[in-house]
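Next up: just one chain, as structure tokens, the form predicted on its own.
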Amino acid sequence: MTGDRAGDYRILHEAALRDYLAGLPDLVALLGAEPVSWSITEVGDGNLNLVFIVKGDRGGVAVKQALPYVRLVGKSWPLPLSRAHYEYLALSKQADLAPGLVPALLHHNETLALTVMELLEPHIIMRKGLVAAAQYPRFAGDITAFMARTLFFTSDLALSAAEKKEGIAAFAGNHALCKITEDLIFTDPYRIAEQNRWTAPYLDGLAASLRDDMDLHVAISRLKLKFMASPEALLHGDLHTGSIMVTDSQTRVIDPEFAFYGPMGFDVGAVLANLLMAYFASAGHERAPGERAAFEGWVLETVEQVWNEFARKFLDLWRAGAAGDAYPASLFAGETGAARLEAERQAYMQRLFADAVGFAAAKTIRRIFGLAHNIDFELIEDPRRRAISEARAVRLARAMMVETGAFPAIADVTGAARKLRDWMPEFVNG
């Protein structure tokens, strides 16, 4: 259900939120008991929003409210509340295309920028599990199903040109969130920017080298242009391991407020990047050797599975009789036409893979030198050990971005990661 648009926006803290939810009969029935007895806990640990868990004697819900500014920075960085509307639209679309892989929507109020969703328990944020060296056997299968279905079915391969353009128009207003990505991922780490930070003093030299590396500047600028100018499909837009909740048997993708129509490789690259960062961060955490080896082996195996399974599922959807205006079937009749179309499908996927490799590199570098960092690295208490892990990740990322052609297959990425696992940066002996 969707709330009406009457009234003005206000931030709902515990008492106000309780009163608001108490006026929604369906939610009262779901939660049970008297509203006064509900427990309400603010648990938001992200960069932008308030997140509450509300529990009664019958059940619980999660409530997310957008703030009119970036929570990580404060009121000096205003941000449109409309992002909550785009998140609601994206979740609704994703629920249709990838059922069971996003939380159920229970209520939305556009004026309050507030959404009530299914409470995911006992799920945890995947990134927290990875820091604890947890392995998730269903993850690769689930995330590849999510990406293949949401990307394919919102692309020109599945839609008419008119349908696709209507989709682009529906999300075109989310440009403020896109601007955050354009600055924080594709621009700021490569220049002096007030909000940049890194593990100083160990990475000071590496940070300076990024600002002087013209090959890298060209490569990141090409990726930025593709991000801005290639509306291939509806993206989640922020598909990292902090936007995924998991158990051993379930995966749920959350927080698509950065959703827009962009290059498919951006979402795929984000998943690959966060797994690779978990791999490199592993060496910095205190772990038994056997546990470390098992976890790191699983991570790299998962990296390969993510690309391979995504590509297989995406191609299966395409081969199953795609009805989009791209590659019309009437142009590929007969055996010769079918063979040429299959060759073009393979070439398409190779281009998508190259995009994913580049975007994975961009996502890695921003998490080490930009504004918002990953706890994979941040929870390594010894700054020197942290910097070593980060330097290894950056060394791979630079190669992936500048020498993308040297990584024609996902095994080339994981092979390079293994070779860098024990590499020592210059500052170690400096």
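Just so we're clear, the structure is a prediction, and the values are computed from it rather than from any experiment. The first residue of the shown sequence is 1; numbering continues from there.
Unshown form predicted together with a small molecule; subsequent notes refer to it.
A.B. asks: Let me know the one among Leu210, Leu112, Met245, Ala281 whose heavy atoms come within 4.5 Å of the small molecule in the model of the complex, would you?
C.D. replies: When the small molecule is considered in the model of the complex, the option within 4.5 Å is Met245.
A.B. asks: Can you work out which of Ala399, Ile53, Val28, Val70 has a heavy atom no more than 4.5 Å from the small molecule in the model of the complex?
C.D. replies: Selected residue: Ile53.
A.B. asks: Work out which of the listed stretches, 306-314, 117-125, 291-299, 210-218, brings a heavy atom within 4.5 angstroms of the small molecule in the model of the complex.
C.D. replies: Stretch 117-125 is the one.
A.B. asks: Taking 4.5 angstroms as the cut-off for heavy atoms, does Leu48 touch the small molecule in the model of the complex?
C.D. replies: Answer yes; at least one heavy atom of Leu48 falls within 4.5 Å of the small molecule in the model of the complex.
A.B. asks: Heavy atoms within 4.5 Å of the small molecule in the model of the complex: does Gly32 have any?
C.D. replies: The answer is no: Gly32 has no heavy atom within 4.5 Å of the small molecule.
A.B. asks: With the partner left out of view, is Ala62 within 4.5 angstroms of the small molecule in the model of the complex by any non-hydrogen atom?
C.D. replies: So Ala62 counts as contacting the small molecule.
A.B. asks: Even though the small molecule is not shown here, does Asp355 get within 4.5 Å of it in the model of the complex, heavy atoms only?
C.D. replies: Output for Asp355 is no: heavy atoms all beyond 4.5 Å of the small molecule.
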